[in-house]
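In C-alpha cells, one chain follows: the form predicted on its own.
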C-alpha cells in the first residue's frame, strides 16, 4: 500500500500511525504541498479535493483520513482501532467525528496556518481568537479522557490516533519562539491540561510511535539542537 502525503500533515500522520499499530506494510510517497502537486490531474484522480492523504492499495484508491482508517480497520481486523463492541465503536466514532467536524477546523486556519505561513505577527488577533477557541475545546477533551488514560476504552483506538495527530502540531507550532510573545498559553499545556498531557505521553510511549514522527520535524529539531 502506498500513502501519498507530505511530512507534517496531521491527517496523513493518522494513517502512518494506524498502519504501524496494526502492522500493515506501507510505502510513503512524499510530495510537496504546492498547488501544482495537489491540484495535478494525476493526484486529483486519487484525491478529488486535492488533499492528503490518499492511498493506493493495488487498484483500489481512497482519500479522506477517516475513510482510510475505517478501510484499514475492516481490511486488517487484528488490533482493532474502532472497538470490539458496538457501544465502543459508537463512542470512538463520536470522538473522531466531533473533533473533525467541530474542532480541528478552527485549529488549522486560525492557529497552524498563520504560523506556518509566517503571518504570526501580522495575524496576531486571528491567532489569539483561535487559541481561545482551542483552549475551550481542550478543556472539554481534558475532562473527557477515559479513566484508562486513553480517549475511549482500555487501549489505544482510532480516537487517540485522530485527536493526537492534530493536537500535537498545534502545541508544536504555538510554542515556537516567535509565537510565545503573543501569550497563546500553549507553553503551559502540561500544567493546564494534566489528563491530556498524561495521554500525550501514553501515545508517545507506544513502540510504534517514533517511526511515524514527521521526518521534517525531526530534521528541524536536529538542526536546532546542533545550533544550540
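Here the structure is a predicted model, which is why all the values come from computation and not from measurement. Positions refer to the first chain, counted from 1.
Keep in mind the form predicted in complex with a small molecule is missing from the figure; the text below concerns it.
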Checklist entry - Just to confirm, residue 70 within 4.5 Å of the small molecule in the predicted bound form by heavy atoms? => result no
Item to check | Partner proximity in the predicted bound form: residue 214 to the small molecule, non-hydrogen atom cutoff 4.5 Å | outcome: no
Checklist entry - Taking heavy atoms and a 4.5 Å cut-off, does residue 38 contact the small molecule in the predicted bound form? => result yes
Item to check | Contact label in the predicted bound form: residue 52 to the small molecule, heavy atom within 4.5 Å | outcome: yes
Checklist entry - Which single stretch, out of 192-200, 22-30, 177-185, 59-67, brings residue heavy atoms within 4.5 Å of the small molecule in the predicted bound form? => result 59-67
